[in-house]
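Starting off, we have a lone chain in the form predicted on its own, written out as structure tokens.
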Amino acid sequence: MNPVFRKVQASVAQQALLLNKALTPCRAAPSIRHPVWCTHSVNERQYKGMPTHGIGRWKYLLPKQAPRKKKDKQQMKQIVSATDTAYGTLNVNVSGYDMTVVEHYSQYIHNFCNRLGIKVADSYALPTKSTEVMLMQEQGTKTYVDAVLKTHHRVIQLSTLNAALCPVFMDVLLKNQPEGVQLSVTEHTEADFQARFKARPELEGLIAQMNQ
């Protein structure tokens, strides 16, 4: 073998041995963790304690509104008295078992009054009344509930209805009255106003005890 080739081979082997000794400490304890994972946890946020300076708040941009006032107790309107040429305050009562038909017919009366120029002072619904139909057994004296009928009421309150226009007004209403709907026109009284509210005898009894 050529002596020059031997010297080159020996020097290369020596350099490889030195390089292997230098890399041995690095191979002994390799780092298997990510550098970011070593300092912070996955669920930990760096911005958790940083101020947001009101980012995302919008309520302060809205104008300040005054606090809502409690609704006062509804007071009875003044009853208009009748004159020689016009009626006073009248109640057009519409009632029936089908709420949809009663509601549509009361809307028709209200729109018809607006077309004729009749002043509608108020329009409201009265509490629904329930009627139980009882039947007796063929053999025995016991009764049982066969059906429950619910009666719905609507009231259109008119003010100063012209006496000359009243016959035409009533004729149109009667001709367009649907089946199963009852129609009546009466003068408005204080009892009609009180009928709008549901009776609470327990509360009235407590108020009476407090006043004594």
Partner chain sequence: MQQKKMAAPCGRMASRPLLQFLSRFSRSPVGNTGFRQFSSATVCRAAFQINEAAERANSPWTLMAAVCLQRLPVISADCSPIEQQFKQMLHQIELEKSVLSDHELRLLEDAERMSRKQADDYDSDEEDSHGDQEIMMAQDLEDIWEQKMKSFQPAPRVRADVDKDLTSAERCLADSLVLLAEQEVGDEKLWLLPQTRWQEGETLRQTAERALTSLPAAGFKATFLGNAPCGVYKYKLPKAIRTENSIGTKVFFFKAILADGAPPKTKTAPFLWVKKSELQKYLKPAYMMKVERFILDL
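Remember, it's a predicted structure, so these values are computed and weren't measured experimentally. Residue numbers count along the first chain shown, from 1.
Beyond the structure shown, there is the form predicted in complex with its partner chain, which is absent from this document and is the topic of what follows.
Its partner chain in the model of the complex comes within 4.5 Å of a heavy atom belonging to L135. Of the heavy atoms in H104, some are within 4.5 Å of its partner chain in the model of the complex. Contact between K175 and its partner chain in the model of the complex is found at the 4.5 Å heavy atom cutoff.
Within 4.5 Å of any heavy atom of its partner chain in the model of the complex lies no heavy atom of L62. A heavy atom within 4.5 Å of its partner chain in the model of the complex is found for one listed residue only; from S130, Q139, T83, Q78, this is T83. Residues from 112-127 do not approach its partner chain in the model of the complex: none has a non-hydrogen atom within 4.5 Å of it.
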